[in-house]
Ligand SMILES: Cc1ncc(COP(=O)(O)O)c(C=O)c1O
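Just one chain is shown here, as structure tokens, and it is the form predicted alone.
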């Protein structure tokens, strides 16, 4: 019999406690997280978790090889299945499921295609853009010059005419669409036409809205003109943490794919790839209904909170067309005397998980089976626990117990 150390026993307790708490006792409203299906979880815990391959064509002591390891007959098939599913789902001809995260997927697309000194236009963080694309982060590694793409419409949406004018003026090597605060689709077709006139590329970071695109609802970036789509696979897309990349342009993919192994990463974690492939196949079955439920719930929750007096962003535009809604932070603090961080800290012990920057997401609750008609109940609980400081723990836990399994899988 194996005798476990105190630390091993503590670790086991904490993992069990986390699984029980986050998996059965709370409603998660973080727009950056989702629930992985039981089948995908089994693949994450499969023998693949300890396996390692290096799929790269090279020569070793005069012998041509396409992999440094034997024993990959099934991992190769799993990856091929995942690549084909990703290409189908996002309407490209070429795809890779190897990137380990959305951030790594962005590097996988950009690093092979943009030489040092390239100019990029991206939505700045102060308008809801991803901080990783700001001047001191990814661009600094490659000496890329990054300038702000004009945004500032409802929810930080792109302002089309100023954006087109800036593309004409700057003639960037790439325009990068994508945000952390992401409410509305982009005018991809118009931006793509303008950036292509100057010989540039259009990248679409779909990290937050990947599941909505997969459900055929938000927009269709590849068909609308984006050269590459990439993103993380665990936000509105309900897969394991990881990334993917899709394009319709063979000449770009032929420059990207060979640049991955030994440059961006080596091992791609084949248990994750199996779980991601399972999720891609699940989306082909249930993605359309799931995406409709998510967006309708977002819009309904925005309306319900507004009716309760919560200042919300983009009220005149219907609050959202994504899985997110946003608090109007200055008016919220003025009205209720607290910011989003304090609100989240009040609600977490009550069983409602929010982020600390004023976003609320409906992806995971929709995955559980909570319907748009129930957003009024959720809004009242958010107000009761977060503003009125009432004890709502029993009601939240009882309600959460009504969803022991996932609806969409």
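Worth saying up front: this structure is predicted, and the values here are computed from it rather than measured. Numbering follows the first chain given and starts at 1.
The same protein also exists as the form predicted together with the named molecule; that form is not shown, yet it is the one meant from here on.
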query: Contact residue in the model of the complex, chosen from 326, 98, 235, 272 - any heavy atom within 4.5 Å of the named molecule; finding: 235
query: Candidate from 157, 293, 75, 180 lying within 4.5 Å of the named molecule in the model of the complex - any heavy atom; finding: 180
query: Among 140-148, 296-304, 102-110, 331-339, the region lying within 4.5 Å of the named molecule in the model of the complex by heavy atom distance; finding: 102-110
query: Contact of residue 319 with the named molecule in the model of the complex (heavy atom, 4.5 Å); finding: no
query: The named molecule contact in the model of the complex: residue 203, any heavy atom under 4.5 Å; finding: no
query: Contact flag, residue 207 vs the named molecule in the model of the complex, heavy atom cut 4.5 Å; finding: yes
query: Heavy atom of residue 130 within 4.5 Å of the named molecule in the model of the complex; finding: yes
query: Stretch 324-358: residues contacting the named molecule in the model of the complex, 4.5 Å heavy atom cut-off; finding: none
